[in-house]
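There is one chain below, alone, in C-alpha coordinates, taken in the form predicted on its own.
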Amino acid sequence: MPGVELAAIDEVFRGDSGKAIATLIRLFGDIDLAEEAVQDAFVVATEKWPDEGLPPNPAGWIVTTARNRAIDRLRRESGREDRHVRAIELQIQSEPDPVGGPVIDDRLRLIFTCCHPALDPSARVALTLRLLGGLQTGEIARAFLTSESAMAQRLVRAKRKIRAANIPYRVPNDADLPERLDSVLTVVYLIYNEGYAASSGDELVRSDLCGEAIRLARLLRALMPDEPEVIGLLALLLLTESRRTARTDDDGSLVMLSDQDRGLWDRDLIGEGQTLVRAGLRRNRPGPFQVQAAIAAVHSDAHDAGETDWGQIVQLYDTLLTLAPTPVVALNRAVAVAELEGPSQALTLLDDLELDRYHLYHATRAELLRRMGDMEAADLAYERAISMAGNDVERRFLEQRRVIAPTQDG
(Lines give C-alpha, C1' and ligand atoms only; values in the text may rest on other atoms or scores of the structure.)
Protein backbone atom coordinates (compact mmCIF):
# COMPACT_ATOMS: atom_id res chain seq x y z
CA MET A 1 0.00 0.00 0.00
CA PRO A 2 1.43 3.37 -0.98
CA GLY A 3 2.23 5.89 1.68
CA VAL A 4 4.44 3.75 3.91
CA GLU A 5 5.52 5.65 7.00
CA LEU A 6 9.22 5.91 7.87
CA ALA A 7 8.37 4.24 11.19
CA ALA A 8 7.40 1.09 9.25
CA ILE A 9 10.74 1.13 7.44
CA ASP A 10 12.50 1.55 10.78
CA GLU A 11 10.62 -1.49 12.09
CA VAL A 12 11.85 -3.55 9.14
CA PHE A 13 15.39 -2.31 9.80
CA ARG A 14 15.25 -3.26 13.47
CA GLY A 15 13.80 -6.67 12.74
CA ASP A 16 15.64 -7.70 9.59
CA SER A 17 18.92 -5.81 9.23
CA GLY A 18 20.80 -8.40 11.28
CA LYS A 19 19.47 -11.24 9.14
CA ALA A 20 20.38 -9.38 5.97
CA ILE A 21 23.91 -8.62 7.17
CA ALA A 22 24.42 -12.25 8.19
CA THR A 23 23.26 -13.46 4.78
CA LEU A 24 25.55 -11.05 2.91
CA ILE A 25 28.55 -11.98 5.05
CA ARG A 26 27.96 -15.61 4.06
CA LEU A 27 27.82 -14.62 0.39
CA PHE A 28 30.74 -12.17 0.30
CA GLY A 29 32.84 -13.01 3.36
CA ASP A 30 33.33 -9.31 4.18
CA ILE A 31 31.71 -7.70 7.21
CA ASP A 32 32.25 -4.09 6.16
CA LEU A 33 30.93 -4.74 2.64
CA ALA A 34 27.85 -6.46 4.06
CA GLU A 35 27.12 -3.67 6.56
CA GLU A 36 27.52 -0.93 3.97
CA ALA A 37 25.41 -2.74 1.37
CA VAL A 38 22.55 -3.29 3.81
CA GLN A 39 22.71 0.36 4.87
CA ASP A 40 22.57 1.36 1.17
CA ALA A 41 19.55 -0.89 0.67
CA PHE A 42 17.66 0.79 3.50
CA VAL A 43 18.52 4.21 2.09
CA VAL A 44 16.94 3.11 -1.18
CA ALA A 45 13.94 1.80 0.78
CA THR A 46 13.38 5.19 2.40
CA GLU A 47 13.35 6.72 -1.07
CA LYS A 48 11.06 4.18 -2.77
CA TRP A 49 8.72 2.65 -0.22
CA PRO A 50 6.91 5.85 0.87
CA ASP A 51 5.66 6.25 -2.73
CA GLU A 52 5.56 2.66 -3.99
CA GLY A 53 4.37 0.96 -0.81
CA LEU A 54 5.82 -1.88 1.23
CA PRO A 55 6.94 -4.81 -0.97
CA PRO A 56 5.32 -8.24 -0.36
CA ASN A 57 8.54 -9.51 1.23
CA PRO A 58 10.39 -6.50 2.72
CA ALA A 59 13.25 -8.59 4.13
CA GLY A 60 13.79 -10.31 0.80
CA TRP A 61 13.72 -6.95 -1.01
CA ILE A 62 16.42 -5.63 1.34
CA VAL A 63 18.67 -8.68 0.87
CA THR A 64 18.30 -8.63 -2.92
CA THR A 65 18.95 -4.88 -3.14
CA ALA A 66 21.91 -5.10 -0.77
CA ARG A 67 23.34 -8.04 -2.69
CA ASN A 68 23.18 -6.10 -5.95
CA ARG A 69 24.73 -3.02 -4.32
CA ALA A 70 27.58 -5.15 -2.98
CA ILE A 71 28.28 -6.62 -6.42
CA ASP A 72 28.23 -3.13 -7.95
CA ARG A 73 30.71 -1.95 -5.35
CA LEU A 74 33.04 -4.87 -6.04
CA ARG A 75 32.91 -4.09 -9.76
CA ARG A 76 33.76 -0.42 -9.17
CA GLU A 77 36.63 -1.27 -6.86
CA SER A 78 38.05 -3.86 -9.24
CA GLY A 79 37.71 -1.49 -12.20
CA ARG A 80 36.61 -4.33 -14.49
CA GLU A 81 34.43 -7.44 -14.62
CA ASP A 82 37.27 -9.60 -13.35
CA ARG A 83 37.11 -13.28 -12.53
CA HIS A 84 36.80 -12.65 -8.79
CA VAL A 85 33.57 -10.68 -9.18
CA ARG A 86 32.23 -13.16 -11.73
CA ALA A 87 32.96 -16.06 -9.40
CA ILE A 88 30.99 -14.35 -6.64
CA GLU A 89 28.08 -13.73 -9.01
CA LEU A 90 28.03 -17.39 -10.09
CA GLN A 91 28.15 -18.50 -6.45
CA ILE A 92 25.27 -16.19 -5.53
CA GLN A 93 23.19 -17.37 -8.49
CA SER A 94 23.44 -20.93 -7.17
CA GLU A 95 22.45 -19.93 -3.64
CA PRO A 96 18.93 -20.70 -2.33
CA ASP A 97 16.50 -17.90 -1.47
CA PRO A 98 18.55 -15.78 0.97
CA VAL A 99 15.53 -15.05 3.15
CA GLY A 100 14.41 -18.66 3.44
CA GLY A 101 15.40 -21.50 5.69
CA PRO A 102 19.13 -20.86 6.13
CA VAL A 103 18.68 -17.40 7.70
CA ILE A 104 18.89 -18.67 11.26
CA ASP A 105 21.97 -20.72 10.41
CA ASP A 106 23.54 -17.62 8.89
CA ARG A 107 23.01 -15.74 12.13
CA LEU A 108 24.49 -18.57 14.18
CA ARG A 109 27.52 -18.63 11.87
CA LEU A 110 27.90 -14.90 12.40
CA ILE A 111 27.85 -15.35 16.17
CA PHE A 112 30.58 -17.98 16.00
CA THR A 113 32.64 -15.89 13.58
CA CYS A 114 32.54 -12.86 15.87
CA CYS A 115 33.23 -15.00 18.94
CA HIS A 116 36.55 -16.27 17.60
CA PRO A 117 39.16 -16.64 20.40
CA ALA A 118 41.52 -14.32 18.52
CA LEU A 119 39.25 -11.44 19.56
CA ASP A 120 39.07 -9.89 22.99
CA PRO A 121 36.05 -11.40 24.83
CA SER A 122 34.23 -8.10 25.25
CA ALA A 123 34.89 -7.22 21.59
CA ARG A 124 33.43 -10.57 20.50
CA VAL A 125 30.16 -9.86 22.25
CA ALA A 126 29.96 -6.21 21.29
CA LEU A 127 30.59 -6.82 17.58
CA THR A 128 28.00 -9.58 17.39
CA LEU A 129 25.40 -7.40 19.11
CA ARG A 130 26.09 -4.67 16.57
CA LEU A 131 25.87 -6.92 13.52
CA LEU A 132 23.33 -9.52 14.57
CA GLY A 133 21.17 -7.75 17.11
CA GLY A 134 20.91 -4.53 15.14
CA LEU A 135 21.83 -2.59 18.27
CA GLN A 136 23.26 0.86 17.87
CA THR A 137 26.70 1.64 19.26
CA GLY A 138 25.23 3.71 22.09
CA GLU A 139 22.91 0.88 23.13
CA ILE A 140 25.82 -1.56 23.24
CA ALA A 141 27.90 0.92 25.21
CA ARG A 142 25.16 1.10 27.84
CA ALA A 143 25.12 -2.69 28.09
CA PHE A 144 28.86 -2.63 28.78
CA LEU A 145 28.66 0.44 31.04
CA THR A 146 31.17 2.34 28.90
CA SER A 147 31.19 5.41 26.67
CA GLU A 148 29.89 5.37 23.10
CA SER A 149 33.24 6.56 21.69
CA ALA A 150 35.15 3.80 23.48
CA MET A 151 32.70 1.20 22.19
CA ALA A 152 32.97 2.53 18.62
CA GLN A 153 36.75 2.10 18.73
CA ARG A 154 36.35 -1.42 20.12
CA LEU A 155 34.05 -2.38 17.25
CA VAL A 156 36.42 -1.01 14.60
CA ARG A 157 39.36 -2.93 16.09
CA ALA A 158 37.35 -6.16 16.20
CA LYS A 159 36.39 -5.95 12.50
CA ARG A 160 39.98 -5.19 11.53
CA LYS A 161 41.13 -8.22 13.52
CA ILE A 162 38.66 -10.50 11.73
CA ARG A 163 39.90 -9.27 8.35
CA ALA A 164 43.59 -9.39 9.25
CA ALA A 165 43.39 -12.86 10.81
CA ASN A 166 41.24 -14.15 7.92
CA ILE A 167 38.78 -15.61 10.40
CA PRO A 168 36.42 -17.96 8.50
CA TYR A 169 32.68 -17.40 8.46
CA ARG A 170 31.46 -20.78 9.69
CA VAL A 171 30.38 -22.78 12.72
CA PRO A 172 33.62 -24.25 14.09
CA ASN A 173 34.33 -27.95 14.52
CA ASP A 174 33.11 -29.68 17.67
CA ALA A 175 36.55 -29.45 19.22
CA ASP A 176 36.58 -25.68 18.80
CA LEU A 177 33.14 -25.01 20.28
CA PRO A 178 34.01 -24.90 24.01
CA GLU A 179 36.46 -22.01 23.77
CA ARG A 180 33.84 -19.88 22.05
CA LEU A 181 30.80 -21.01 23.98
CA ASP A 182 30.88 -18.50 26.85
CA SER A 183 30.91 -15.57 24.44
CA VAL A 184 28.21 -17.11 22.24
CA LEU A 185 25.92 -17.62 25.22
CA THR A 186 26.56 -14.09 26.44
CA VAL A 187 25.63 -12.70 23.01
CA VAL A 188 22.31 -14.54 22.95
CA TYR A 189 21.61 -13.49 26.55
CA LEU A 190 22.30 -9.81 25.83
CA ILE A 191 20.18 -9.89 22.68
CA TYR A 192 17.32 -11.15 24.84
CA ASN A 193 18.06 -8.54 27.52
CA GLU A 194 17.83 -5.73 24.99
CA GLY A 195 14.52 -7.15 23.82
CA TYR A 196 13.11 -7.66 27.31
CA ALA A 197 14.08 -4.20 28.56
CA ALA A 198 14.99 -2.00 25.60
CA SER A 199 17.73 0.49 26.42
CA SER A 200 16.03 3.23 24.40
CA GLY A 201 12.77 4.07 22.67
CA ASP A 202 9.17 4.48 23.76
CA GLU A 203 8.35 0.79 24.32
CA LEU A 204 9.69 -1.40 27.09
CA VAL A 205 9.91 -4.59 25.04
CA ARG A 206 11.33 -5.45 21.61
CA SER A 207 9.53 -8.72 20.95
CA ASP A 208 11.55 -9.34 17.77
CA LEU A 209 14.77 -9.58 19.77
CA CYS A 210 13.18 -11.70 22.50
CA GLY A 211 11.89 -14.17 19.95
CA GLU A 212 15.15 -14.30 18.02
CA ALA A 213 17.21 -14.88 21.17
CA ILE A 214 14.98 -17.78 22.19
CA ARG A 215 15.21 -19.28 18.70
CA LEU A 216 19.00 -19.03 18.79
CA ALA A 217 19.07 -20.60 22.26
CA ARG A 218 16.97 -23.50 20.99
CA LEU A 219 19.30 -23.85 17.99
CA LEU A 220 22.30 -23.95 20.32
CA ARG A 221 20.56 -26.59 22.42
CA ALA A 222 20.13 -28.72 19.29
CA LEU A 223 23.81 -28.18 18.42
CA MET A 224 25.11 -28.91 21.94
CA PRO A 225 22.34 -30.86 23.72
CA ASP A 226 24.45 -32.03 26.67
CA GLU A 227 26.14 -28.72 27.51
CA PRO A 228 24.74 -27.58 30.92
CA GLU A 229 25.18 -23.85 30.32
CA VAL A 230 23.35 -24.07 26.99
CA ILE A 231 20.50 -25.76 28.84
CA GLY A 232 20.73 -23.12 31.57
CA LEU A 233 20.55 -20.22 29.12
CA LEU A 234 17.47 -21.60 27.36
CA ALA A 235 15.82 -22.23 30.74
CA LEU A 236 16.60 -18.68 31.88
CA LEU A 237 15.16 -17.12 28.72
CA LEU A 238 11.99 -19.21 28.86
CA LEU A 239 11.36 -18.50 32.54
CA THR A 240 11.98 -14.80 32.03
CA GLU A 241 9.81 -14.73 28.91
CA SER A 242 6.97 -16.35 30.86
CA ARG A 243 6.52 -13.08 32.80
CA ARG A 244 6.66 -10.69 29.86
CA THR A 245 2.90 -10.15 29.42
CA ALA A 246 2.54 -9.13 33.06
CA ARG A 247 5.36 -6.59 33.01
CA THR A 248 3.25 -3.78 31.61
CA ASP A 249 -0.35 -2.73 32.23
CA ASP A 250 -2.98 -1.75 29.68
CA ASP A 251 -1.42 1.65 28.98
CA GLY A 252 2.10 0.24 28.61
CA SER A 253 3.36 1.33 32.03
CA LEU A 254 5.94 -0.80 33.81
CA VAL A 255 4.70 -3.14 36.55
CA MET A 256 7.13 -4.24 39.27
CA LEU A 257 7.66 -7.97 39.82
CA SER A 258 6.00 -7.77 43.23
CA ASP A 259 2.87 -6.18 41.72
CA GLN A 260 2.48 -8.40 38.65
CA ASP A 261 -0.66 -10.45 38.05
CA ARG A 262 0.90 -13.89 38.14
CA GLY A 263 -2.18 -15.34 36.53
CA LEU A 264 -0.82 -13.78 33.33
CA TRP A 265 2.45 -15.71 33.57
CA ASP A 266 2.79 -18.37 30.87
CA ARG A 267 2.63 -21.70 32.72
CA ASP A 268 3.74 -23.69 29.65
CA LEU A 269 6.97 -21.71 29.42
CA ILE A 270 7.44 -22.04 33.17
CA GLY A 271 7.00 -25.81 32.99
CA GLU A 272 9.49 -26.13 30.14
CA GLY A 273 11.96 -23.83 31.86
CA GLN A 274 11.78 -25.67 35.18
CA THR A 275 12.29 -29.00 33.43
CA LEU A 276 15.41 -27.61 31.77
CA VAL A 277 16.71 -26.27 35.10
CA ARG A 278 16.47 -29.75 36.59
CA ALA A 279 18.10 -31.29 33.50
CA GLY A 280 21.04 -28.90 33.77
CA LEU A 281 21.53 -29.40 37.49
CA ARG A 282 21.62 -33.20 37.07
CA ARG A 283 24.85 -32.78 35.10
CA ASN A 284 26.52 -31.37 38.23
CA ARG A 285 28.51 -28.73 36.33
CA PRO A 286 27.01 -25.48 37.65
CA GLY A 287 27.53 -22.27 35.71
CA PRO A 288 26.22 -18.70 35.80
CA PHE A 289 23.30 -19.24 33.43
CA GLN A 290 22.14 -22.33 35.28
CA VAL A 291 22.17 -20.46 38.59
CA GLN A 292 20.31 -17.48 37.11
CA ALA A 293 17.76 -19.92 35.71
CA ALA A 294 17.40 -21.50 39.15
CA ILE A 295 16.72 -18.02 40.61
CA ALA A 296 14.05 -17.43 37.97
CA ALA A 297 12.58 -20.85 38.77
CA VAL A 298 12.24 -19.94 42.46
CA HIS A 299 10.33 -16.81 41.47
CA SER A 300 8.08 -18.89 39.20
CA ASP A 301 7.24 -21.24 42.10
CA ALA A 302 5.57 -18.42 44.06
CA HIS A 303 1.90 -17.89 43.21
CA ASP A 304 2.10 -14.42 44.76
CA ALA A 305 4.96 -12.17 45.81
CA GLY A 306 4.53 -12.96 49.49
CA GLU A 307 5.32 -16.65 48.90
CA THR A 308 8.73 -15.94 47.35
CA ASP A 309 11.54 -17.87 49.03
CA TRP A 310 13.99 -14.97 49.36
CA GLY A 311 16.33 -17.01 51.55
CA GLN A 312 16.87 -19.50 48.76
CA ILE A 313 17.28 -16.69 46.25
CA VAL A 314 19.99 -15.02 48.36
CA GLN A 315 21.79 -18.36 48.65
CA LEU A 316 21.66 -18.79 44.88
CA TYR A 317 23.04 -15.26 44.42
CA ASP A 318 25.89 -16.19 46.80
CA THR A 319 26.70 -19.07 44.45
CA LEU A 320 26.35 -16.84 41.39
CA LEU A 321 28.79 -14.31 42.86
CA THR A 322 31.45 -17.01 43.13
CA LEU A 323 30.90 -17.95 39.47
CA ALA A 324 30.43 -14.43 38.08
CA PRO A 325 31.73 -11.86 40.57
CA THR A 326 30.44 -8.79 38.75
CA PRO A 327 29.02 -5.55 40.20
CA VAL A 328 25.66 -6.16 38.48
CA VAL A 329 25.32 -9.57 40.14
CA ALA A 330 26.19 -7.96 43.47
CA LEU A 331 23.53 -5.32 42.85
CA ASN A 332 20.89 -7.94 42.13
CA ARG A 333 21.90 -9.85 45.25
CA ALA A 334 21.46 -6.65 47.29
CA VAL A 335 17.88 -6.38 46.00
CA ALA A 336 17.20 -9.90 47.29
CA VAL A 337 18.86 -9.09 50.62
CA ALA A 338 16.55 -6.08 50.96
CA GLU A 339 13.56 -8.39 50.75
CA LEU A 340 15.04 -10.82 53.27
CA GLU A 341 16.72 -8.50 55.79
CA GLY A 342 15.49 -4.98 55.00
CA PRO A 343 16.75 -1.95 53.06
CA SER A 344 19.39 -0.83 55.56
CA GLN A 345 21.43 -4.02 55.18
CA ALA A 346 21.06 -3.88 51.40
CA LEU A 347 22.24 -0.28 51.19
CA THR A 348 25.55 -1.12 52.83
CA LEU A 349 26.16 -3.66 50.07
CA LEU A 350 25.88 -0.97 47.41
CA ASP A 351 28.54 1.35 48.79
CA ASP A 352 31.54 -0.24 47.08
CA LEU A 353 29.94 -1.10 43.74
CA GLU A 354 31.41 0.72 40.74
CA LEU A 355 28.17 1.19 38.85
CA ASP A 356 27.82 4.94 38.64
CA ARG A 357 27.07 4.71 34.88
CA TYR A 358 24.24 2.21 35.44
CA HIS A 359 20.80 3.77 35.90
CA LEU A 360 19.42 0.72 37.72
CA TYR A 361 22.08 1.12 40.40
CA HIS A 362 20.77 4.61 41.18
CA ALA A 363 17.17 3.41 40.89
CA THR A 364 17.88 0.65 43.41
CA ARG A 365 19.51 3.08 45.83
CA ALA A 366 16.57 5.43 45.45
CA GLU A 367 14.07 2.68 46.22
CA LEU A 368 15.97 1.52 49.30
CA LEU A 369 16.36 5.07 50.59
CA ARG A 370 12.66 5.71 49.99
CA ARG A 371 11.76 2.62 51.99
CA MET A 372 13.92 3.90 54.85
CA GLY A 373 12.17 7.29 54.75
CA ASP A 374 15.22 9.29 53.63
CA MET A 375 13.33 11.14 50.92
CA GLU A 376 15.95 13.83 50.35
CA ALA A 377 18.63 11.30 49.47
CA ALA A 378 16.08 9.18 47.59
CA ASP A 379 15.06 12.18 45.50
CA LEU A 380 18.64 12.80 44.43
CA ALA A 381 19.10 9.13 43.52
CA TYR A 382 15.87 9.10 41.52
CA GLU A 383 16.98 12.23 39.70
CA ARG A 384 20.25 10.54 38.76
CA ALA A 385 18.48 7.38 37.60
CA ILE A 386 15.93 9.35 35.55
CA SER A 387 18.65 11.35 33.84
CA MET A 388 20.42 8.16 32.76
CA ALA A 389 17.40 6.04 31.73
CA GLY A 390 17.23 5.75 27.95
CA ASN A 391 13.85 4.02 27.75
CA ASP A 392 10.76 6.21 28.01
CA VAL A 393 8.73 3.58 29.87
CA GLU A 394 11.42 3.14 32.52
CA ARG A 395 11.83 6.90 32.82
CA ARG A 396 8.11 7.43 33.43
CA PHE A 397 8.09 4.63 36.00
CA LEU A 398 10.98 6.21 37.91
CA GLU A 399 9.28 9.60 37.80
CA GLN A 400 6.15 8.06 39.31
CA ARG A 401 8.13 6.29 42.05
CA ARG A 402 9.89 9.54 42.85
CA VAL A 403 6.68 11.19 44.04
CA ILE A 404 5.36 8.26 46.10
CA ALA A 405 5.12 9.06 49.81
CA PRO A 406 7.79 7.39 51.98
CA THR A 407 7.20 4.10 53.75
CA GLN A 408 9.06 2.81 56.79
CA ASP A 409 10.04 -0.86 56.94
CA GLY A 410 13.57 -0.38 58.26
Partner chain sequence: MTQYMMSVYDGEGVQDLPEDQIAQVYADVDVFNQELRDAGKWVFGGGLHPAETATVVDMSGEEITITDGPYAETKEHIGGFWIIEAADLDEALDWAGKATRACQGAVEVRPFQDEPET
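Computed from a prediction, not measured in an experiment: that's the story for all the values here. Rigid core (definition): largest C-alpha set, two forms, superposition within 1.5 Å. Numbering follows the first chain given and starts at 1.
The protein also exists as the form predicted in complex with the partner chain; that form is not presented, and the subsequent description refers to it.
- Contact annotation: the partner chain lies within 4.5 Å of heavy atoms from the stretch 176-184 in the model of the complex, the single such stretch among 320-328, 297-305, 176-184, 239-247.
- 116 is the sole member of 159, 333, 116, 142 with a non-hydrogen atom lying within 4.5 angstroms of the partner chain in the model of the complex.
- The single contact residue among 150, 256, 222, 164, judged by any heavy atom lying within 4.5 Å of the partner chain in the model of the complex, is 164.
- Interface membership of residue 271, defined by any non-hydrogen atom within 4.5 Å of the partner chain in the model of the complex, is ruled out.
- Interface residue remark: residue 168 is counted as part of the site for the partner chain in the model of the complex, having a heavy atom within 4.5 Å.
- The Cα position of residue 29 differs by 2 Å or more between the shown form and the other one after fitting on the rigid core.
- Put the two forms on the same core and the Cα of residue 162 is off by 2 Å or more between the shown form and the other one.
- Remark: with the core as the superposition reference, the CA shift of residue 256 between the shown form and the other one stays below 2 Å.
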